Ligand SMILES: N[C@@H](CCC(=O)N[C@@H](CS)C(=O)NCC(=O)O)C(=O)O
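First comes one chain, alone, set out as structure tokens in the form predicted on its own.
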């Protein structure tokens, strides 16, 4: 059976679970408690040499890095989430990379300093927060425009690019990132957050964060 090693507050972990849930895959969820340092134990380091999550063990095929994992799962099971067409697949990769490089960079800076740094006792870097918000002000309008022209991020069909964006934006409320200026993103996000693949993981990321506190 497929095993997914994950932690509920890990955005990449949730991305993998969203995709697996949507595809209806039968899997064992293996909790790796980052708060307790389980990711740095020898047992886990054999799966991920950097001691991170997510990791999958698909009956002996061990993979890490969420982007690679979801592509593997989609291709193995012939899912249209990662379409076969050259242009269609390139569109999915383009929007996945855009969100990962630009939007995720901004969200991570804000989320870490506003939410995680106080918890782990790290000094808050106000400049990093300012830079993160600046990145979001620049790059979220690009996503907003794309979602004004198509139902989903890479076109009119749900793809891996949507699951990537969904996981990246998950901590918006917890990090006090205001998405109200982006009505198309807000509508798209609300629709997906009400789907079973999402609610099987958590009602909201803020709830998951509160449960872990």
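Positions refer to the first chain, counted from 1. Small disclaimer: the values here were computed from a predicted structure and weren't measured.
Heads up, the form predicted in complex with the named molecule isn't pictured, but that's what we're talking about next.
Trainee: Tell me, please, which stretch of 47-55, 23-31, 178-186, 145-153 lies within 4.5 angstroms of the named molecule in the model of the complex when heavy atoms are compared?
Mentor: Every other range fails; the passing one is 47-55.
Trainee: Does the 4.5 Å heavy atom contact test between residue 192 and the named molecule in the model of the complex come out positive?
Mentor: Flag for residue 192 set to no.
Trainee: Please check if residue 38 has a heavy atom lying within 4.5 Å of any heavy atom of the named molecule in the model of the complex.
Mentor: It does not: once the named molecule is placed as it appears in the model of the complex, residue 38 has no heavy atom within 4.5 Å of it.
Trainee: Under a 4.5 Å heavy atom criterion, is residue 159 part of the interface with the named molecule in the model of the complex?
Mentor: Looking in the model of the complex, residue contacts with the named molecule do not include residue 159, since no heavy atom lies within 4.5 Å.
Trainee: May I ask you to state whether residue 173 is within 4.5 Å of the named molecule in the model of the complex, using heavy atom distances?
Mentor: Flag for residue 173 set to no.
Trainee: Using a 4.5 Å cut-off on heavy atoms, which residues of 1-18 contact the named molecule in the model of the complex?
Mentor: Contacting residues: 10, 11, 12.
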